[in-house]
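What follows is one chain in structure tokens, specifically the form predicted alone.
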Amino acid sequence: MRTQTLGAHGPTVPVICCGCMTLARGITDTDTARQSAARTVEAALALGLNHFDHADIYQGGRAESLFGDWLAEHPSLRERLVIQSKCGIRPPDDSASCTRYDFSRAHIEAAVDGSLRRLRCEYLDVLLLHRPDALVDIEELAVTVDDLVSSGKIRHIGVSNHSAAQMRLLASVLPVPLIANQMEFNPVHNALVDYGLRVNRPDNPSAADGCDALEECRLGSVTIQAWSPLARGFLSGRPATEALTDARSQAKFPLDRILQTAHAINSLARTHAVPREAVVLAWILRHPAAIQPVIGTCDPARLDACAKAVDVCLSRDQWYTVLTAGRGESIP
């Protein structure tokens, strides 16, 4: 598995990251869930994938706990792993009726301590701030991050779902560089590159999703981590018609664009003699920004299919063919 540096100052990581949001999701028996989680983690490691992405809200912390159970049985492997987690999203609970974002010192410190406890490790290689907090006190945040780094609880800091301007604001005060911005990106949810293609066009939206975050990251040597790189599976085998019955998918992935893009992916998979997952991820890896896909599958067979992406090099024509299908219209 090829590796790259996360940002300009981060750890060396494989070009594909394993997302742990669905680790043993839906398995209620504890022992069975632990066995399932162990199979996923060990299958990833066998493929050279040692970068694992968590968040404190994934399954209410259960995903971190299952990973921590595995790590407790393999403590000697900790130094081989790159473990990152995210914090900042607070779902409704006994004290509040709404979801809110919280970058306060008290919440971030408590969230990091909670993740470390569940993961059963002493430090996070990377902490990502999950979604922008409209009420963030950037000076307080800077002190919080400085203390977490100084105490050894985190080694690097990044963000998720932040715009270029939001990144610049945080970078202006943080004591250490941002090394990653985790953004949704795939051939259908393609705003990160589509925005740049629409410059000086009347159809360029004034509030494009992500705006120029991609260019900002390239200028600052910050790694874009692409979440949902397989478009919730719709580009790698999940029946496209399910998008019509899933309200979230229906809003994000119009059926005609899913069908067109899946057709283009299928054709390229036959051409390159690789699984569809490999083609989709190869499309992301083809971009010169060294974008790192964060795959969400926990199926060892699909992990293997994803890992094959590093052996696929799409031509410029093939890359733009997929983008055109994902846009649902010709390039301007």
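Heads up: residue numbers just count along the shown sequence, starting at 1. Computed from a predicted model, the values in this text were never measured in an experiment.
Beyond the structure shown, there is the form predicted in complex with a small molecule, which is absent from this document and is the topic of what follows.
Exactly one of the stretches 149 to 157, 220 to 228, 162 to 170, 106 to 114 approaches the small molecule in the predicted complex with heavy atoms within 4.5 Å, and it is 220 to 228. In the predicted complex, the small molecule stays beyond 4.5 Å of every heavy atom belonging to His189. Taking the partner from elsewhere, Met21 is found to have a heavy atom lying within 4.5 Å of the small molecule in the predicted complex. In the predicted complex, the small molecule stays beyond 4.5 Å of every heavy atom belonging to Ala264.
Contact between Trp70 and the small molecule in the predicted complex is not found at the 4.5 Å heavy atom cutoff.
Taken together, the three residues Arg2, His51 and Gln318 lack any non-hydrogen atom within 4.5 angstroms of the small molecule in the predicted complex. Think of it this way: in the predicted complex, the small molecule has a heavy atom of just one of Arg34, His287, Arg302, Arg62 within 4.5 Å, and the residue is Arg302. Proximity to the small molecule in the predicted complex, taken as a non-hydrogen atom within 4.5 angstroms, holds for one residue of Arg198, Arg118, Arg90, Arg131, which is Arg131.
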